[in-house]
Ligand code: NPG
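To begin, one chain is listed below as structure tokens, in the form predicted alone.
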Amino acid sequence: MKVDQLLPLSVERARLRVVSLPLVSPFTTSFGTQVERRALLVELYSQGLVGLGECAAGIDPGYSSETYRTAIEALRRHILPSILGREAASVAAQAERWGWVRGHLMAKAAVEMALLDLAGQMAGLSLKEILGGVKERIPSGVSIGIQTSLDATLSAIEGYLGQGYQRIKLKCKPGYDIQLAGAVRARFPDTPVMLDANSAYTLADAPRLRELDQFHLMMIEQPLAHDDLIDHAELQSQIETPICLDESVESLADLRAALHLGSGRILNIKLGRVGGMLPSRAIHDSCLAAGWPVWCGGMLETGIGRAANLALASLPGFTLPGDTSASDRYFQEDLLAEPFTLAGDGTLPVPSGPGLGVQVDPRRLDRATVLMEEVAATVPMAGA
């Protein structure tokens, strides 16, 4: 069934909830360290059902200009009031009602996720079926933050490989790159390994990045500025290692520019970054047509967002292991009644139940909740 053939959808109530989950260990990248996941959840109510969505925005505006606090403001004042109490023929039609709101892609994606969860429950369809996914299990990779030493990094890799993870992603930065890659390759010569720079370099670093070619990495992710495509194209022409774009692609227009310029060869699709699962599917389709492999990136999601990522990764163009790690990679206690567990072959199951296909444990949810509020249906004027 196509997404535009789902049942008409009307949202009766909306509630925002912020949860705080401590991470199993600090997660360090080139722009800071996280010790907790403070997640913003969107709850939409209709016909006795509740649809859940998770906002990918974090505490600080390091990865994105959005934070969970800016998302709350955009949701309570503009995005949610535009759909409350108003029926639409489809999720896409509801999304058109907040189309006048510029930016706030992660906030929009959270509402779209909750709408798709509702629509799936009403129609008895999983998100995989709604999107047109084809896979039942997803190969899983793991993302490892910057460690206190190379020995600590090697030990962490060994542990995750022992659990079955199929790909290792290592955060890097200038001065913590060549030695890192060399040490990893010496210990794990055949392991699929990639580096993630989170925009830590400039084009002047091209000679240094070219030295990474000798280590036969899968890719280096987003080495240059978060809003750049031109310098990435120049860098890709100078190095053999494939560049994977992340922050630079927030829309189909960005992707078309990247394809035209040759700004990379791989794309990391994060549904929050591009505004939802439906935009993600459109970007996936374009990458598939262009011959660009894609994979699903992670944002330290709870099991709610992880379920959506797995449904997205079931599409045929997702041919590389993503960041869809098991729940216990990040949390001692996830929000789900049945957290995601990595199988021995390094895969995770795509939920098959209606909507997101997962059940939240209400006790865990209540323990983790630090803020909750209802959203009114009054629609403000655009720009108010």
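Numbering starts at 1 and follows the sequence shown. Everything numeric here is computed off the predicted structure, so don't read it as measured data.
Just so it is clear, the following notes concern the form predicted together with the ligand, a form of the same protein that is not shown.
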query: Heavy atom within 4.5 Å of the ligand in the model of the complex - residue from 78, 104, 171, 232; finding: 171
query: Interface residue in the model of the complex among 90, 126, 82, 143, criterion: non-hydrogen atom within 4.5 angstroms of the ligand; finding: 143
query: Partner-proximal stretch of 279-287, 297-305, 253-261, 115-123 relative to the ligand in the model of the complex, 4.5 angstroms, heavy atom; finding: 297-305
query: Contact flag, residue 340 vs the ligand in the model of the complex, heavy atom cut 4.5 Å; finding: no
query: Contact flag, residue 70 vs the ligand in the model of the complex, heavy atom cut 4.5 Å; finding: no
query: The ligand contact in the model of the complex: residue 359, any heavy atom under 4.5 Å; finding: no
query: Residue 43 within 4.5 Å of the ligand in the model of the complex, heavy atoms; finding: no
query: Heavy atom contacts to the ligand in the model of the complex at 4.5 Å, residues of 205-241 in sequence order; finding: 221
